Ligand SMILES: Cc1ncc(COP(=O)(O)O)c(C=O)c1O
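Okay, here we've got a single chain as structure tokens, the form predicted alone, with questions on binding and movement later.
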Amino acid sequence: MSKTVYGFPTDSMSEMEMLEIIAHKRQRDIDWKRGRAFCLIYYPGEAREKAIKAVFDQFYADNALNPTATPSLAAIEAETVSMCADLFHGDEEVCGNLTTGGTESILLAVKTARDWSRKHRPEIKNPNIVIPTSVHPAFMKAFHYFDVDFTVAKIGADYKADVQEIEKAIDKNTIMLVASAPAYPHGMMDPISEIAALAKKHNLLCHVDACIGGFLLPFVKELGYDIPPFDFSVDGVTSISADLHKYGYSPKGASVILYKNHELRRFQFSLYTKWNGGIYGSPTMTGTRPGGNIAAAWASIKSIGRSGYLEMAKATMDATKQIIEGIKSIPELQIIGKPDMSIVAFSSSEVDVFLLADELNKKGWHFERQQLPPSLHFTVNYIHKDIAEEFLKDLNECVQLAKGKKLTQLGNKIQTSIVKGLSNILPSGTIAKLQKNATPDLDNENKAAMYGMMGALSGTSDLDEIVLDFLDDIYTAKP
């Protein structure tokens, strides 16, 4: 058997040596501290970071697996959940747990709904959950893991969930409806009051995915923005997920899953009392639960407080308004819908947005590329409070550069149309193999053709194979 690329080290390495290696590896990472990343990173600033990290360090090695061993962490988690319940207009019955992130919170919400239905709707053998097309793919992961069927309801022309489509999708096996606050792709709030009323009418659970908006929307509303109700103040809402490591500005990974009452949360827990190692009870998906993340979530809320979150929300929304107005002033670009908070997506009928993305990448800006329709996605947060003017200047320049690449754009369109045609006649997996050889490295800034091809193959097994090949390759060690 041949050796692996990296052998297990024989001797220890010094701190200085490790930091030198890490510094080299990080050269290609996004420069988020200068606000160049409109995705993945939420940063409260150095002063707030220092206080949060100080509490994190107190629990660096602690494991919240056994609450009797670390009663401090159990108390900190319960207090944090209570503070979150208060923020979302919950009463003393609202309860929940901290998780490692939005995906785990969503997984637990689906697992809880499935197990709730086994007790309260035993006639249902194949439970079904109705979701809008804009819902986060973490739900698909949950459905796959827990063997739950789902029905996708089309969204409206305003990019919000269509209540009539949702009602049409409800059948005898439906156990839960899902709404987003807001939906990630375009930043629009679903009509949560109407969806929750529909759930109550049909004796269904109703989950609100506020993973991205939960810790910004209450403060934006307090600042005077027109934010429709989305939390436990809405009759019919039975659970909410919200990420502390997004606009709560806690370190990764921390999220909260909240339930209307204790009876519902009991379906979340895992329990096994016949093990010869003792009684095993676990509140969330993971066994080991990093104490530092739980403590840091508590510290974020405590150290920032309502006044701090209001200040950060104002700075965030001021930057968002400036960016939206700047985009509107560029005739080649169109904002998608009417964003409710600080998520902005735009498309173009005149410029290939994936070419535009390449040009922006060259200037050091990082964000998400989207499909259906092709668009660029920007999540604005506190770290962007001082960069709007610089970004808009670069955006204007890049639009003109992308417009000048008509020949390249035509080539991309020809390539993607050929690929779309070939996918119908080539043997299964051929497109994926071709793309694996042609795909640029992660740090290559010329990705328009790749994203164009992926758009052309959207929804096909060939695109699935391409993504599987990509994941397999990127997580394989290389010299």
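Start at 1 and count along the sequence shown; that's the residue number. Keep in mind it's a predicted model, so treat the numbers as computed, not measured.
The next section is about a form of this same protein that is not shown, the form predicted together with this ligand.
Student: I need to confirm a contact call. Of Gly101, Gly90, Pro283, Gly291, which residue comes within 4.5 Å of this ligand in the predicted complex, counting heavy atoms only?
Tutor: None of the others qualify; the residue that does is Gly101.
Student: Just to be sure I understand the contacts: of Val380, Ile129, Ala297, Cys211, which is the one whose heavy atoms reach within 4.5 angstroms of this ligand in the predicted complex?
Tutor: Exactly one listed residue reaches within 4.5 Å, namely Cys211.
Student: Among 326-334, 388-396, 177-185, 297-305, which stretch has residues with heavy atoms no more than 4.5 Å from this ligand in the predicted complex?
Tutor: Correct option: 177-185.
Student: Give a yes or no for Asp190: in the predicted complex, does one of its heavy atoms lie within 4.5 Å of a heavy atom belonging to this ligand?
Tutor: Judged by the heavy-atom cut-off of 4.5 Å, Asp190 is well away from this ligand in the predicted complex.
Student: Taking 4.5 angstroms as the cut-off for heavy atoms, does His245 touch this ligand in the predicted complex?
Tutor: Yes, His245 sits close enough to this ligand in the predicted complex that at least one of its heavy atoms falls within 4.5 Å.
Student: Would Ile106 show up as a contact with this ligand in the predicted complex if we use heavy atoms at 4.5 Å?
Tutor: Ile106 belongs to the contact set for this ligand.
Student: Examine Arg114 and determine whether its closest non-hydrogen atom to this ligand in the predicted complex is within 4.5 angstroms.
Tutor: Contact check for Arg114: no, nothing within 4.5 Å of this ligand in the predicted complex.
Student: Using a 4.5 Å cut-off on any heavy atom, which residues of 312-336 would contact this ligand in the predicted complex?
Tutor: The stretch does not touch the partner at all.
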